[in-house]
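Just the one chain here, laid out as structure tokens, in the form predicted alone.
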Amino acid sequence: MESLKQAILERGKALSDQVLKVDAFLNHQIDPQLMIQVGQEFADRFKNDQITKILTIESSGIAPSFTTAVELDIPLVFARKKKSLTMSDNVFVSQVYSFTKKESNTITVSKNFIEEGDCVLIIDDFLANGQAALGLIDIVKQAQASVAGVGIVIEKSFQPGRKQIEELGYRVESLARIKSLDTGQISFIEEN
């Protein structure tokens, strides 16, 4: 997706050979026009999959998931990292480790919102080591629902996340695939 790649080059910053900062348009400040394009692209890629729900994790996955949900005209569910007082014990739970934040989170989703028979599209802002996506896949499996695929805004292809998810048999669609962040230079894997 060229507009996303352009935003990464113009407004992103390689903080190291492992860390890409995109808080100017994706995960702190949000560029609404770019997120609308992201939603349209995901909707186009998954339009034939009979998706009934979109699942993401708070908070950075919400914007791209929301615009995709609008395009597909289906509900969006997000996994909470902290259980609220209004949430009962009737929840699906999974553990997710964040390498960027160096912390583990227990994510929860109410059993009222993902049900057996749902066809779920998982969307997240980043794919690196795959822990968030794997935690969300675990929740969908607990609900006895099916995973249509995993949509990723930015994939760090030099890390093992995609391989792990694909080895489990799930489709991964990334809108921008980072080949390298070496020496502060952002390079992409070029795809057809």
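One rule holds for the numbers: they count along the sequence shown, beginning at 1. Note that the rigid core is defined as the largest set of C-alphas that superpose within 1.5 Å between two forms. All values derive from a computational prediction rather than experimental measurement.
Another form exists, predicted in complex with another copy of the chain; not displayed. Remarks below refer to it.
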> N27, R80 and V109: each with a heavy atom within 4.5 Å of another copy of the chain in the predicted bound form?
Replying inline: yes
>> Within 4.5 angstroms, counting heavy atoms, which one of the listed stretches 52-60, 130-138, 162-170, 145-153 is next to another copy of the chain in the predicted bound form?
In response: 52-60
> E116 near another copy of the chain in the predicted bound form, any heavy atom under 4.5 Å?
Replying inline: no
>> Quick check on D23: any heavy atom within 4.5 Å of another copy of the chain in the predicted bound form?
In response: yes
> Is V19 close to another copy of the chain in the predicted bound form, meaning a heavy atom pair under 4.5 Å apart or at it?
Replying inline: yes
> Closest heavy atom of V96 to another copy of the chain in the predicted bound form, within 4.5 Å or not?
Replying inline: no
>> My question is whether F99 is one of the residues whose C-alpha shifts by 2 Å or more between this form and the one not shown, given a fit on the rigid core.
In response: yes
